[in-house]
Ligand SMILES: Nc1nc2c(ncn2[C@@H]2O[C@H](COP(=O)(O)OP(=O)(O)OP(=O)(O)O)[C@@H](O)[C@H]2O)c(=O)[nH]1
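In structure tokens, the next block holds one chain alone, the form predicted alone.
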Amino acid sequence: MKLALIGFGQAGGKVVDEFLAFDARIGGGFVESAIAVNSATTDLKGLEHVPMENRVLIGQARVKGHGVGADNELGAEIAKADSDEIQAAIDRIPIHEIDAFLVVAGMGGGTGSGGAPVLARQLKRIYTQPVYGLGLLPGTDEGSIYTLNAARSFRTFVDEVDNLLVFDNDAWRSAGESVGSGYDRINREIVERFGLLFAAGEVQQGDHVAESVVDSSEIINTLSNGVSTIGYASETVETNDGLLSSLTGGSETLDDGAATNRLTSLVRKATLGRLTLPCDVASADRGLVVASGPPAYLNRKGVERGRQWLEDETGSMEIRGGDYPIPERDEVGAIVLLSGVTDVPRIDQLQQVAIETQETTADVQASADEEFASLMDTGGELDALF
């Protein structure tokens, strides 16, 4: 699936930068173009793989390249004000070559959480390609302002994209891990999961062809509206040519039973293990299973059994499946995409935060109005005395 990636804000830019490195490493060919948009000059300079001409600094008239300080209302304002500068970079994308846009943003900061929904709305108005979001939820220990930003931004982002893929940092931070090293590792986790999904089906000349191809239409049909999460499980395998030949007797495939059992087990682990956004699997409307790894370890029966198991687990009839051969990889993996999920505790928590904040803000405003009125009355009484 060919994507135009647009990273909005600090977290979004870093993840897009990591996507470019991952795509080059696996030879996936799924990144057609990559753009980074930010209100902070330092963040743009820190990127390594996004081309310099595709790094867009916005808000110079308002924040002078220093960022918006976690103010997502300001982030939205400058995204609207400088939409022409962002569009100038998008105009360089060969639109006829892409299958979809992917707007990546951290939802706790200011520039990304405020600006990404604004950009998504603009893209959907202009182009016919699907516009997906990849939203990164902040950890609950990052501070209340970031949780509040995410609560405010989440609903808006969902409304403006064709599907919002979500990664919850709160579920992936390790105890005792520093913020810097923690986010570097998390970014790699994000990119491996979503990168393998989008790379599936992008066959280059000379590549192994999948037994059951996962093309862009399979992914697009799965990502129709709502919120999505991804699970991934892998197992290291021996890819030494000599050992492989001795096991297969010179054939290109291993024992069908072993390959089938391995893939079925990996699909279960991917689904029931750690999802990018923890949820009740049974609440998913649609799903997609992709087996990846050395071609000799992939087979149609394993993918089909994994797909059938997921169909039973979700109760959905819209579960698709296929494989993505990667000859040079020493791992067999299963990617499980669950789309249209509704039973998500983290989202319920964010919505509750938004409600409570609205109520608190209204109470504070009412109290302030009363105090102001009281002061005005007192002032009138003093004027009468003199």
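Just so it is clear, the model here is predicted, and its values are computed rather than measured. All residue numbers are counted from 1 along the displayed sequence.
Beyond what is shown, the protein has a form predicted together with the ligand; the following relates to that form.
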Q: Would you point out which of 225-233, 103-111, 285-293, 265-273 contains residues with a non-hydrogen atom within 4.5 Å of the ligand in the predicted bound form?
A: 103-111
Q) Taking the shortest heavy atom distance, is residue 153 within 4.5 Å of the ligand in the predicted bound form? A) no
**Q.** Non-hydrogen atom contact residue 316 with the ligand in the predicted bound form at 4.5 angstroms
**A.** no
Q: Tell me, yes or no, whether residue 70 is in contact with the ligand in the predicted bound form, where a contact means a heavy atom of each within 4.5 Å.
A: yes
Q) Might residue 32 be said to contact the ligand in the predicted bound form, defining contact as any heavy atom within 4.5 Å? A) no
Q) Which pick from 190, 199, 161, 303 sits with a heavy atom within 4.5 Å of the ligand in the predicted bound form? A) 190
Q: Establish, in the predicted bound form, whether 5, 82 and 133 all lie within 4.5 Å of the ligand, using non-hydrogen atoms for the distance.
A: no
(Q) For the stretch 42-58, I need every residue with any heavy atom inside 4.5 Å of the ligand in the predicted bound form, listed N to C. (A) 43
